[in-house]
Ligand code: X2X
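First, one chain by itself in structure tokens, the form predicted alone.
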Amino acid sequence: MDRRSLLKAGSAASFAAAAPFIVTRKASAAEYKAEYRLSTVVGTAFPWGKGADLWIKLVKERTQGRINIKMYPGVSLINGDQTREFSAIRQGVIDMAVGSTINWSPQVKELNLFSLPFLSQDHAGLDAITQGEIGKQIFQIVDKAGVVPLAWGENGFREVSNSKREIRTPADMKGLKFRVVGSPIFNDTFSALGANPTQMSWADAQPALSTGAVEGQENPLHVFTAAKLHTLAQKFVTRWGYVADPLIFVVNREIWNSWTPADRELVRQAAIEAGKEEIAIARKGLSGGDMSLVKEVESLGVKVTELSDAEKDAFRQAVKPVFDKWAKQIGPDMVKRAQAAVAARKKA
């Protein structure tokens, strides 16, 4: 073989050796979408949306633009149906989400734990559940259901408001029409208190409050202010802290597996960081001796009622049958361990 032939053969061999690496790099790049769809119920006027937005920015920065995410508030990817969100993530209609444990509880029954009336009681009690062994177990359950959980967030404790009267006792709830989320435990809870619960999406709730089709609702106070519920005839707020609403940062399983291990870790750490910041935002003005959010609501001409422990206990007794019924469905052992975790936080 002459020199020219040797050179040609060498070049061909070099290209053949390099070719697999070239193909592999292109295939790997092709697995990443140009844009990932992230679902939330609300936008950046709310702590929930702020947390999602922070996650998006951290991921883009830390992956150097390899993972670009767009937020779709109002659960717009599924026509505003909050209770379908978890199924849509699992099916790949939604790539990522910061979602409510309440909205996902129809598909993952254990998430109803957080909707057991008067279980977590306060921020310390909620942290005792989410940041402990129960929180780890719930993440395992969510993962087994087909969605990858990364971090906790928080929508906050849900306080009750209405257009008719101050609520201090279960008797004050009698006959009032309340918008509740689409989870059966909320129907049971409000029915046990003598109220008339009506399930509807948040998008439908606002005009219903405005027209008087429903007279009350329950949501964290930061939702009350951001959504300007005082302009929707909500004149009375009772702080009873009957349930908390943790959020979970998640990714669709196939999307998660399409990323490199290094990028997965970057996304996970960004979610954890965004979750911690979002929780701090959600609790601002409602913890650590800072009650400025309560004062802000009062400044809107709204009567804010603080219940004593004895008054809360009257509500607790009224909904005990609901608690016991749902504890059986969620899992008695999990509920008992959650109760023990909440009780232990007072001794710490």
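All residue numbers are counted from 1 along the displayed sequence. Bear in mind the structure is a predicted one, so any value in this text is a computation, not a measurement.
If you look for the form predicted in complex with the ligand, you will not find it shown, but the lines that follow are about it.
Shown here without its partner, the chain carries Ser39, Ile89 and Ser105, none of which come within 4.5 Å of the ligand in the predicted complex through any heavy atom. The ligand is not shown here, but in the predicted complex it comes within 4.5 Å of a heavy atom of Asp245. Taking non-hydrogen atoms only, Trp240 never approaches the ligand to within 4.5 angstroms in the predicted complex. Taking the partner from elsewhere, Ser161 is found to have every heavy atom lying beyond 4.5 Å of the ligand in the predicted complex. None of the heavy atoms of Ile167 is located within 4.5 Å of the ligand in the predicted complex.
Residues placing heavy atoms within 4.5 Å of the ligand in the predicted complex fall in a single listed stretch, namely 152-160, out of 138-146, 110-118, 168-176, 152-160. The contact with the ligand in the predicted complex, taken as any heavy atom within 4.5 Å, belongs to Val181 out of Ala270, Val181, Val250, Leu126. Among the residues Phe236, Trp202, Trp256, Tyr72, the one placing a heavy atom within 4.5 Å of the ligand in the predicted complex is Trp202. With contact defined as any non-hydrogen atom lying within 4.5 angstroms of the ligand in the predicted complex, Gln82 is the only contacting residue in 70-87.
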